[in-house]
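Take a look at this single chain, the form predicted on its own, given in structure tokens.
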């Protein structure tokens, strides 16, 4: 029987400085143990430019590999252990439909600056870049929405309406200044009956994992762990976020676990996000505090990247048979522009 863990260590040693394995925090521990760099979407995007390795094996879903390929340098190749690891949210805003809606808004006299969550494919990022917009992550959504609002009278935030809503609340944008668009196969549905003049227009998309976390889950946690602190990811619905003690990006949730473990030993921290991360934090701080998941929340697509898949991907790199992520050259420049606008606005 093959010892996959040992085989991966051997392959990594063989490739040496030619290889960098990057992985998202939502990956399983069996994969994370082999990553040279781990982080959330923002951290990983920041780090790509500093990677000198010829091969970047990215343990994450498809759009993350595309973003890495956009930011990679000349001669670098990005590989995904499992190209079938997709993101349902990223499919909720097809580039052609987003372009049509932006055109319809402009024709109606309500042009909007697009701000796209990083959980989108390269084609959508290209449309955003073309229309003067940028990309954001959950960690910098507040900074980037503020940036986008300076670029024009209104912003089209897509695809995650919940992140857009929560970020707007942080910035003090009233509900009367927001509108969740009604969008169909042919663009805006009954456009004349929609308040398109609102300052913030939200695309009707969401993260299927975070959006399922409910008020009942929060109430259940409060009852099960009296005095607990509950923190969630801002992809959760606004009504859920408003009932919790705090909300923030994956990096924020990690830092919060570290803070609670150090400052409030013996307490209970309930975290509402992908359970692989929560379980990892629970193990890390088991001797200091209790950390539990708000509810069952496993991303099936992230789970498609397994240790076996990583082993196979590294073997293909060594053999020279690996198929790198290829970005359509017609999309590269505007999509990269959307990403670099984010990094520039955030001082990177």
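In this text the structure is predicted, and so the values were computed from the model without any measurement. Residue numbers count along the first chain shown, from 1.
The next section is about a form of this same protein that is not shown, the form predicted in complex with a small molecule.
Checking 70, 281, 313, 64 against the small molecule in the model of the complex, a heavy atom within 4.5 Å turns up for just one residue: 64. Proximity to the small molecule in the model of the complex, defined as a heavy atom within 4.5 Å, holds among 82, 166, 276, 249 only for 249. The partner is not drawn, yet in the model of the complex one stretch among 114 to 122, 237 to 245, 95 to 103, 173 to 181 has residues with heavy atoms inside 4.5 Å of the small molecule: 114 to 122. Proximity of residue 161 to the small molecule in the model of the complex: non-hydrogen atoms within 4.5 Å are absent; the residue sits far from the partner. Proximity of residue 40 to the small molecule in the model of the complex: non-hydrogen atoms within 4.5 Å are present.
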